[in-house]
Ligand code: MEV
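Starting off, we have a lone chain in the form predicted alone, written out as C-alpha cells.
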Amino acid sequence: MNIKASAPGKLLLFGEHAVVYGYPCIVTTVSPRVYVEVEKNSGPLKIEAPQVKDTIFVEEAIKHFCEKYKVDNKILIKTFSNFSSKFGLGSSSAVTVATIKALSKFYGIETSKKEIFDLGYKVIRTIQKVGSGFDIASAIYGKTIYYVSGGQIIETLSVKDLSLVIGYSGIKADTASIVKNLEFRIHNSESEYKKIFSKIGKIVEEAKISLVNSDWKKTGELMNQNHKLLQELGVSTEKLDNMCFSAVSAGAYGAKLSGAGGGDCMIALTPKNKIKNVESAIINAGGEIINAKINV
C-alpha cells in the first residue's frame, strides 16, 4: 500500500514578526508543493529525501505522530517537491504537514485540520523553539488566511485575483536566528518595539478589508507602510529595499519583504499590465523572479 499526501508553500502578505508577539498576520499559499509518500517497510523507519540535506522535520513529525496515535514506524517515507527549500517559501512546514497527512491516511486515522495543526505546530516548536505557526496553518487550510499566533484564530479570507510578483534576493535567511536576534533586541527596548508591532497589527486589520474588497491601491499602500516598519525593526536588507523600491518605481501598487527578512523573498502587488515591467525592475535590482501561482 502506497499512500501520498502534499502541502503547499506560503507567502506572508502582512504582519511579519509582530505575529510572534500576539498580533495577527495575513498569509497566502503558493502553488509549489511538497509531496510525501508512505509505504510499509519490513525493517525500521527509512526516509528517502533526495532534495533536502536535513530530514529533521520529517523525523520529528513521524515521532510525534507515532507517540500520539500509538502506531509503529516500520515505514518507508519518500519526499519530493517542485520548489527549492532555499527560497524561504515554508518548505519545512509544508513537509511537516504533508508527512502528518500521509501518516493519517496510511494508518486510517481520521484527523481534523485543527488536530493536524496542533501536531505540526508542536513539531516546529520542538525544532525551532520559536515561531507562531502561521506557515503550518497555511499549509493545512490553503488559500489566504487571517491568523493569530498559536492558531487562536484561523480565518479564511475571500480574496480574488491577487496579482503578485515574487522576487528572491539570492540570500537564504535563517528564520529562527533572525527571530531570536530580534527577541534579544526587544528586551533592551521593549516599548519602542511594541509601538512598531502595534502599527503593524493595525495595518493587518486594514489589509484584511482591502484584500477582500480587491482594493489593490489601498493594499499596495499598506504593503509599503508594512515594509517601512520592518525596516525600523532592522530585519530588511539593502538588497530587499532596492528590489521593493524598484518594483514600485516600475508600476507596482506596493512592495515589501515577505517572511523573516535578512534575505529570502519580497513581493510586489502589481497591475496585470505592469507585471513584465516590475519583473524586469526586480531583476535589474539583482533579484530572481519566482514563478508561482498565488492563493491556491
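In this text the structure is predicted, and so the values were computed from the model without any measurement. Counting begins at 1, following the sequence as shown.
The form predicted together with the named molecule exists for this protein as well; it is not shown, and the discussion that follows is about that form.
Asks: Counting non-hydrogen atoms within 4.5 angstroms of the named molecule in the predicted complex, say which of G151, G220, G201, G131 makes the cut.
Replies: Looking at G151, G220, G201, G131 one by one, just G131 meets the 4.5 Å heavy-atom criterion.
Asks: In the predicted complex, does each of L12, H17 and A260 have a heavy atom within 4.5 Å of the named molecule?
Replies: Spot residues vs the named molecule: full contact, yes.
Asks: Whether S104 contacts the named molecule in the predicted complex should be assessed with a 4.5 Å heavy atom distance threshold; does it?
Replies: So S104 does not count as contacting the named molecule.
Asks: Taking heavy atoms only, is L162 within 4.5 angstroms of the named molecule in the predicted complex?
Replies: Answer no; every heavy atom of L162 is more than 4.5 Å from the named molecule in the predicted complex.
Asks: Looking in the predicted complex, any heavy atom of V179 within 4.5 Å of the named molecule?
Replies: The answer is yes: V179 has a heavy atom within 4.5 Å of the named molecule.
Asks: Can T175 be called a contact residue for the named molecule in the predicted complex at 4.5 Å between heavy atoms?
Replies: Yes, T175 sits close enough to the named molecule in the predicted complex that at least one of its heavy atoms falls within 4.5 Å.
Asks: If contact means any heavy atom within 4.5 Å, which of 237-245, 61-69, 252-260, 42-50 contacts the named molecule in the predicted complex?
Replies: That would be 252-260.
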